[in-house]
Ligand SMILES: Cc1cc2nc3c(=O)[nH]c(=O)nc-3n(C[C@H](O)[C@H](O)[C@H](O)COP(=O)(O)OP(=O)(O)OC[C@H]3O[C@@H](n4cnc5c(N)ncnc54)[C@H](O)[C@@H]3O)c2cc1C
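One chain is shown next in structure tokens, namely the form predicted alone.
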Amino acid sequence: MSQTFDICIRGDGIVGRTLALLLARQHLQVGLVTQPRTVKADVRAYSLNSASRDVLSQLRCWPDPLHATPVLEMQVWGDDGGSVHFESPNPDGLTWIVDVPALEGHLGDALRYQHNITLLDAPHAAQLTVICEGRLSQSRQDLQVETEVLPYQQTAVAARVRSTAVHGQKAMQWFAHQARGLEILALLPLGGAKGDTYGVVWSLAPARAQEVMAQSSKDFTSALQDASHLMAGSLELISERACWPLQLTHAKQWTGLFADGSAWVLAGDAAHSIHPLAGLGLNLGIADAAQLTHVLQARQGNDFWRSVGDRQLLRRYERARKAGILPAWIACDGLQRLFDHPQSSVQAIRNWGMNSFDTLAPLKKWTMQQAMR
């Protein structure tokens, strides 16, 4: 006799695993469709805020301090003398730089102890299907969901480097307008409070990114040191390099019905993606999982008579998340396009704006609070 599921989640990345664990706590039967894993080492590192940390801590999946480094200080430089400096108001940090393999490992271990979750090789019938397959979601394409796509003509290059100096829990970012276009380099501290390792996220013009990917380790670190003005000390490449194209995407429809009448919703990068310059991408995906869980929990109260595929409940989720991502969507896209503008007058204005913002303590404090949550 085939097993029946309340919810089938397509995609077992961080968002899919988090959602499965959250829903299992509501005693729902969850099927989690696994995806093929690459054999290459994962060099990604994510900046997670306190809201994401709260969700993962409730699931007992927050990594240890060696793999979740608090950022106590952040420095951002513009392309003509502008700069902004942030300091954490408490020892907990502004954000945490989390090692992706470590986080995925904790989530994977938790899945094995949840009898309400079944790992699947293929999609299975359920009252509700949650599509968490990432920005290239095949299920979203099969459903012919209209998606707004704004390409940035940039490619992100990621790697890990070791410095001759301890990072001091400081994250650094540079905006530089070069002859080939905008370059955005972020060095993210890894390895705990006394670590000397950085996660690199370097957004470059596609042709320049291909050159960087093909460079020798020595030439790559030399270019990286030039771009970071040796602020992180002498660097050594300690990983493979990975790259992917950058674009802003937003699905216009987040929920609907299959031909058999069962419901579907989108979550994570299948629903939206933004530029990594502010490190908000995964936070928005985890917020999707938390919001959908919160909406379905209403069935334990006044909405007890509704099914997990009830359209009214799912529309609540869609409205809440579309409103929730809008500020981040506007801010990240606006910053990217502002610094991508080549005119010298715009360059002067944006760097003046950075310096002016840096002097406005109340505004900086409010901005930090918004990003941390």
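Given the structure is predicted, the values throughout are model-derived calculations rather than measurements. Throughout, we count residues from 1 along the sequence that is shown.
Same protein, other form: the form predicted together with the ligand, not shown, and the subject of what follows.
**Student:** Looking at 79-87, 214-222, 282-290, 166-174, which stretch has residues with any non-hydrogen atom within 4.5 Å of the ligand in the predicted bound form?
**Tutor:** Selected range: 282-290.
**Student:** Sort through Gly195, Pro276, Gly93, Gly181 and report the residue having a heavy atom within 4.5 Å of the ligand in the predicted bound form.
**Tutor:** By the 4.5 Å heavy-atom cutoff, the listed residue in contact is Pro276.
**Student:** I need to confirm a contact call. Of Gln58, Gln26, Gln35, Ser307, which residue comes within 4.5 Å of the ligand in the predicted bound form, counting heavy atoms only?
**Tutor:** Selected option: Gln35.
**Student:** Is every one of Gly11, Leu48 and Asp269 in contact with the ligand in the predicted bound form, taking contact as a heavy atom within 4.5 Å?
**Tutor:** Verified in the predicted bound form; spot residues all in contact, yes.
**Student:** Find out whether any non-hydrogen atom of Val15 is located within 4.5 angstroms of the ligand in the predicted bound form, and reply yes or no.
**Tutor:** Output for Val15 is yes: heavy atoms within 4.5 Å of the ligand.
**Student:** Is Arg44 close to the ligand in the predicted bound form, meaning a heavy atom pair under 4.5 Å apart or at it?
**Tutor:** Taking the distances in the predicted bound form, the answer for Arg44 is yes, it comes within 4.5 Å of the ligand.
**Student:** Trp244: heavy atom within 4.5 Å of the ligand in the predicted bound form?
**Tutor:** Yes, Trp244 lies within 4.5 Å of the ligand in the predicted bound form.
**Student:** Should Gly191 be counted as a contact of the ligand in the predicted bound form, where contact means heavy atoms within 4.5 Å?
**Tutor:** Judged by the heavy-atom cut-off of 4.5 Å, Gly191 is well away from the ligand in the predicted bound form.
**Student:** Scan 148-187 and note down the residues that get a heavy atom within 4.5 Å of the ligand in the predicted bound form; none is a fine answer too.
**Tutor:** Counting only heavy atoms within 4.5 Å of the ligand in the predicted bound form, the single contacting residue of 148-187 is Ala156.
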